[in-house]
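First comes one chain, alone, set out as structure tokens in the form predicted alone.
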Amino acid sequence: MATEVGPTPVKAPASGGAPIHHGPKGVGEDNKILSQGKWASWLLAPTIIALAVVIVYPIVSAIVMSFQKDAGLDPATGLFTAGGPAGVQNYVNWIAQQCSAPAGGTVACPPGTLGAQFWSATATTFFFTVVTVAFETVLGFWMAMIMARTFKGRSMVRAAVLVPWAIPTAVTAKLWFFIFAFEGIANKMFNTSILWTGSEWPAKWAVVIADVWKTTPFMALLILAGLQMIPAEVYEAAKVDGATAWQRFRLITLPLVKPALMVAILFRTLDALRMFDLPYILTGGANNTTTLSILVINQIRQGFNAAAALSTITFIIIFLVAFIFVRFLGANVVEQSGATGKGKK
């Protein structure tokens, strides 16, 4: 690092007046900055190593495994064969829904096998994601608008809203399993005789209802945080100007809460794309409720390497969705924080 020691530079201000004297940058200040940089590196090193162990290593390991064949019995010889390099065959098998043929090569996977469920599982995953996030956003916004108001018992309402979100997902799934049983509360309450988990669409809507019930409070809390950042003076000024309630909502609330809203939708979308425990416990993945995560777990029992390829595909799908949100829809938490920080300087 260059150190400037010498005469004090003098800079004449553009607007006239007394010249501004800049003090010399001493060697001691450079050494202090260098020492602080070394200490910062040593303090950050454990965190970086921990992140590399728990995040980078599993991802790299899964990608490496996805290019390997699964060990198993050779259908032609009946002998156990070790795995080996597979290239992109595992990925091709999943995307084209191809399975190994007894005589060698690949054929279209028979219906009911795991290989034949890739695209249906992908469609089911996106169906759950779009429908649940849409319902949770609307209901969460409505709940946040109520909780943002000042009224007697508001603290109790906020605490009560958190109850569904605080219950573990496995417990929620079992709870709604009993509610949707043939002799359960749902059929008794509406005087119906629906086999909720016995056919495709009732089973899907059962998963949607259970997930919306559990996760809407999460959306409401994130949106509520954004609503509380809006100054009350803005609404008061709008009222003085004669703005109606709808105009205040459309022209003030929605634009100012958009950053928090987009972050909430991003978090819930990424969470819904990897949905596993709720449909797995509620329906067992039956009746076309198998998501990509359930398919990965089922495949692990038959071959780790093929499951690693499916995990990598799922990771790429989630990454692309997150990229679209951040790049095109404005759900960029880092950029917002940076902009705020710059504004404060």
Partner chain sequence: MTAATSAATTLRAEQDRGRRNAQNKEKWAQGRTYISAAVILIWCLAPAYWMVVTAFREVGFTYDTSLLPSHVTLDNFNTAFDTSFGNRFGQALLNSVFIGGVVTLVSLVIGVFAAYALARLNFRFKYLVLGFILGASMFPGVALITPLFQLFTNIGWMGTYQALIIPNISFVLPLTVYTMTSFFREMPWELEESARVDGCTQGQAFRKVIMPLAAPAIFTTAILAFISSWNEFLIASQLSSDATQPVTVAIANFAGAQPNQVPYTAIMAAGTIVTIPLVILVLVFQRKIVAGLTAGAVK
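Being a predicted model, the structure only gives us computed values, none of them experimental. Think of the rigid core as the biggest set of C-alphas that the two forms share within 1.5 Å after superposition. Numbering follows the first chain given and starts at 1.
Although it is not shown, the form predicted in complex with its partner chain is what the next lines describe.
Colleague: Can you confirm whether Ala232, Val321 and Arg327, the three residues that make up this candidate site, all sit within 4.5 Å of its partner chain in the predicted bound form, judged by heavy atoms?
Modeller: Verified in the predicted bound form; spot residues all out of contact, no.
Colleague: Out of 84-92, 113-121, 247-255, 210-218, where are the residues with a heavy atom within 4.5 Å of its partner chain in the predicted bound form?
Modeller: Flagged stretch: 210-218.
Colleague: Against its partner chain in the predicted bound form, would Phe67 count as a contact residue? Criterion: heavy atoms within 4.5 Å.
Modeller: Flag for Phe67 set to no.
Colleague: If you check in the predicted bound form, is Val138 within 4.5 Å of its partner chain, heavy atoms only?
Modeller: No, no contact at 4.5 Å.
Colleague: For Pro202, is any heavy atom within 4.5 Å of its partner chain in the predicted bound form, or not?
Modeller: Pro202: no, not in contact with its partner chain in the predicted bound form.
Colleague: Taking its partner chain as it sits in the predicted bound form, is Pro168 in contact with it (heavy atom to heavy atom, 4.5 Å or less)?
Modeller: Looking in the predicted bound form, residue contacts with its partner chain include Pro168, since a heavy atom lies within 4.5 Å.
Colleague: What are the residues of 141-177, in order along the chain, with a heavy atom within 4.5 Å of its partner chain in the predicted bound form?
Modeller: The stretch 141-177, when checked against its partner chain in the predicted bound form, contributes Trp142, Met143, Ile146, Arg149, Thr150, Phe151, Lys152, Ser155, Met156, Val157, Arg158, Ala159, Ala160, Val161, Leu162, Val163, Pro164, Trp165, Ala166, Ile167, Pro168, Ala170, Val171, Lys174, Leu175, Trp176, Phe177 at the 4.5 Å heavy-atom cut-off.
Colleague: Align both forms on the core first, then report whether Gln302 has a C-alpha shift of 2 Å or more between the shown form and the other one.
Modeller: No, because once the rigid core is superposed, the C-alpha of Gln302 moves less than 2 Å between the shown form and the other one.
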